[in-house]
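Just the one chain here, the form predicted alone, laid out as structure tokens.
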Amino acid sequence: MELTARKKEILKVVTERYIDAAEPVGSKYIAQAMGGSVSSATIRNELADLVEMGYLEQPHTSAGRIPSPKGYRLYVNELMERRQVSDQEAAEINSALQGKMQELDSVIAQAGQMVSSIVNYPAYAVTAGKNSVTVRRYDLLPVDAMSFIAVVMTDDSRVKSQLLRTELPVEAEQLPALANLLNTHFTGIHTEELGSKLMALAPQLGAELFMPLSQTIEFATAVIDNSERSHVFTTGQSQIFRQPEFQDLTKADGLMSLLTDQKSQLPVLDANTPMQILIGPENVNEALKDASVVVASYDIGDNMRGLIGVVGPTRMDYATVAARLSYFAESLTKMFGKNNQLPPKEDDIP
């Protein structure tokens, strides 16, 4: 059976109407949308063919049709009109990103929150761990005679601090010298070198200095190990309950569990893929069988890549989500770039 131009036009009408209304689409609406150029009888025959071909489905309780995952895939690949963000959308995204950049983890988490508010679906943000992380700077802050705060800044802009308690008293006046020692000998090197450097310096230090130095190096090693792993931040999970498909709590339970407790299983992109749309069964995870995911990548710099994903029903407005997510990802790349400028809209590109 051939997928004719008229069948494609009908599939496009059904898909876009269902995205807007979340209700099965009947032949009467399709006839009106096509300007009365095709009779209702012909449309009903075409709808039956599209069901038989697997592009449409007919819910048991309705005479109307809805797109199947196969139908959505054809729509996204061939029928969907690509759109750009509007001036207002671009202004909102740019405004959200103009704030001063803070610690990397905070920026990534905030990016997910921004995307969720922009598209009105749950969103997630992933930082792909850097292949090799080193410490850029150490700071030691006094607390009392038996404790101090170690602050570690890595070369991927993460800043972590921890209260460290010592078994021997450490005078506040000694901490600047220790910090200088750390910044002289223990920056810009890999974790396997930190231990050997520490042991090489051990004979020159008394126990009262070696112990806090060792504790700080141990903390720095943990920070580096953590920085080299991917991190996933999810936000806007409650947005899923606004969609008719997921108002049945039993149906939404698996998806909510994935978004809150199993975040590491959310889809990620292959290298060098700027954007991907996964529809229903195309998602490997069973919790996403009735959902779609749009994922875009952006460049953080220093050989690091981040991902922003949107999770919604298969009925999601793919054109709008893809346009907003693409612009947002490009904006993040520019923000992390050296010139720290936001990208122009396509209309502004000469």
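In this text, residue numbers run from 1 along the sequence as written. Owing to the predicted nature of the structure, the values given are computational and were not obtained by experimental measurement.
Missing here is the form predicted together with the DNA; even so, the following discussion is about that form.
Contact check for Ala319: no non-hydrogen atom falls within 4.5 Å of the DNA in the predicted bound form. The shortest heavy atom separation between Arg44 and the DNA in the predicted bound form is within 4.5 Å. Contact annotation for Ala33: none of its heavy atoms lies within 4.5 Å of the DNA in the predicted bound form. Taking non-hydrogen atoms only, Pro313 never approaches the DNA to within 4.5 angstroms in the predicted bound form. Residues with any non-hydrogen atom within 4.5 angstroms of the DNA in the predicted bound form fall in just one of 305 to 313, 320 to 328, 288 to 296, 23 to 31: 23 to 31.
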